[in-house]
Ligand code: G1P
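In the block that follows, a single chain appears as structure tokens, in the form predicted alone.
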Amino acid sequence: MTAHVAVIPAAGRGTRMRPATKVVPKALITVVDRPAVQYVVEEAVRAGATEVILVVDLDAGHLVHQHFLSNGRLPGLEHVKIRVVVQEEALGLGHAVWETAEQVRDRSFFCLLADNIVRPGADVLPQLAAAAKGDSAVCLRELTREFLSKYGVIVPGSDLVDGSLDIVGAVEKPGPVLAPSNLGLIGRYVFTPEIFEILGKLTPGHGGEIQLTDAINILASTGRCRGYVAEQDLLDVGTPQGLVMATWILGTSQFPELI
């Protein structure tokens, strides 16, 4: 599968990063020398995206927009079309993705969460697109017990072969007792446009929000979603501890003289 458009939900309130995010949007928290969301945009571009759609909130989204579009384009992103969609109400990740339906239209697309950054040299989008085989696909990692209540978890439909497998369902934050596996969704996806029709019909799920995991569950139950298990964890920059670790890892890769 080839995807030339990427959707990046970046409207989160950043409650885990307070008080730093009381004024500054979570997506603009700096990691070494650039905001987290810029790393994610650059990742999408490396995978072949020529158009990026950022989903921002009503209050501080203009700051994200300004970062990318004011005073000339950022190096390496000069030829990328960057658009902004405002999510006026915080109704969940699934709702944020659904808000881009008019811009994406009938195209397959990457979806990347700005909470997570790939490690240097460990991009997953090309392998994810290959694993999709024309359908949708989700990126997975093996989770330890304590994280099964913090991530969506998939229901495997086949054994793992060459890093990928069939999936037949997905559950949002099931917890260790109800989890159907230890394979969790880690914020990298490639979707066919049929995801929008599914999202448009969903009712609120876990936490009273429109959950992207619920739409993945429907896709998977009809045999149109596969999973790719990444070899390395992504860097979580949505918590203070994760931000410190990501800053060290990315900083020493960019400036090896600091080691």
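Quick note: we count residues from 1 along the sequence shown, nothing fancier. Everything quoted here is computed from the prediction, not taken from an experiment.
The following text describes the form predicted together with the ligand, which does not appear among the structures shown.
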With the ligand left out here, work out from 187-195, 43-51, 61-69, 223-231 which stretch has heavy atoms within 4.5 Å of it in the predicted bound form. 187-195
Tell me, out of A179, A132, L113, V124, which residue has a non-hydrogen atom within 4.5 angstroms of the ligand in the predicted bound form. L113
Non-hydrogen atom within 4.5 Å of the ligand in the predicted bound form for each of R119, L235 and G251: no
Residue-level contact is defined here as any heavy atom of the residue lying within 4.5 Å of the ligand in the predicted bound form; does Q38 satisfy this criterion? no
Using 4.5 Å between non-hydrogen atoms, is Q211 touching the ligand in the predicted bound form? yes
Does L148 reach the ligand in the predicted bound form, with heavy atoms at most 4.5 Å apart? no
Even though the partner isn't displayed, in the predicted bound form is K173 close enough to the ligand, meaning a heavy atom within 4.5 Å? yes
Is any part of 21-40 within 4.5 angstroms of the ligand in the predicted bound form by a non-hydrogen atom, and which residues would that be? none
